[in-house]
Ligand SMILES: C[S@@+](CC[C@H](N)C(=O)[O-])C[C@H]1O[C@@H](n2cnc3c(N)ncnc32)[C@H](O)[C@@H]1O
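Before any questions on binding or motion, here is one chain by itself as structure tokens, the form predicted alone.
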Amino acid sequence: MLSPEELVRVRAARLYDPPDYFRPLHKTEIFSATPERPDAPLEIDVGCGDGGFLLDLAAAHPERDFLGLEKLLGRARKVARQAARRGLTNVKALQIDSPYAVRHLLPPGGISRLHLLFPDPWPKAKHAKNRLVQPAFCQDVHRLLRPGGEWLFKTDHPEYFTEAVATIQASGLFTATHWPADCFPYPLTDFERQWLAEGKTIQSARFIATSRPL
């Protein structure tokens, strides 16, 4: 059991504060390399919310590092608190607008897997332009991923799924690949549990970054 003072220090370490918000980070600025884990793969959860999925994923994969992006400070702090309480040293939360982090802050070529799970579908036609998956976003994600890195996408919104998959494939930067349920431990998000309980169909896609330079 951590003392209150120790818990404060651990929580602070889990709520990541970049040294500079105006240049691309190096991977080791987010998680320091150690002799035991000299080059641990880094995964990004875009819009991690309260962090249930992110924390369960980090617990299932102690050999990998995880950074959750969350716009709301209260949610990011909650992720940090829960990571501390669960003793997870391989997960941090960053309070930031996700598109900015993806375009300007995250380490180019330093990400092994990016998770985009149940983003806002902006269901009204006049708002569809606000959807995150756009051609420019595809280029940003490709720049971040290592060769062979993965982009995992889920939504309960059929129209958004069709549009997003078409946009990703049209970019020419990714190859769709099979995503079997037993491929690797992959927890459910809170939204996914809710939608499944309501009888909704969850649609998912898995893409591998090509080696074609931008």
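In this text, residue numbers run from 1 along the sequence as written. Because the structure is predicted, anything quoted here is derived from the model rather than measured.
Unshown form predicted in complex with the named molecule; subsequent notes refer to it.
Asks: Within 4.5 Å, heavy atoms only, which of 71, 143, 131, 81 is in contact with the named molecule in the predicted bound form?
Replies: Filtering the options by heavy-atom distance leaves 71.
Asks: For the interface check, one of 179-187, 166-174, 31-39, 62-70 should have non-hydrogen atoms within 4.5 Å of the named molecule in the predicted bound form; which one?
Replies: Stretch 62-70 is the one.
Asks: Is it the case that residue 117, even though its partner is missing from this view, gets within 4.5 Å of the named molecule in the predicted bound form, heavy atoms only?
Replies: Yes, residue 117 is a contact residue.
Asks: Quick one: does residue 105 come within 4.5 Å of the named molecule in the predicted bound form, counting heavy atoms only?
Replies: So residue 105 does not count as contacting the named molecule.
Asks: Given that the named molecule is not shown alongside this chain, does residue 75 nevertheless sit within 4.5 Å of it in the predicted bound form, heavy atom to heavy atom?
Replies: So residue 75 counts as contacting the named molecule.
Asks: Heavy atoms within 4.5 Å of the named molecule in the predicted bound form: does residue 48 have any?
Replies: Within the cut-off, so yes.
Asks: Mind listing which residues of 72-102 have a heavy atom within 4.5 Å of the named molecule in the predicted bound form?
Replies: 72, 75, 96, 97, 98, 99, in sequence order.
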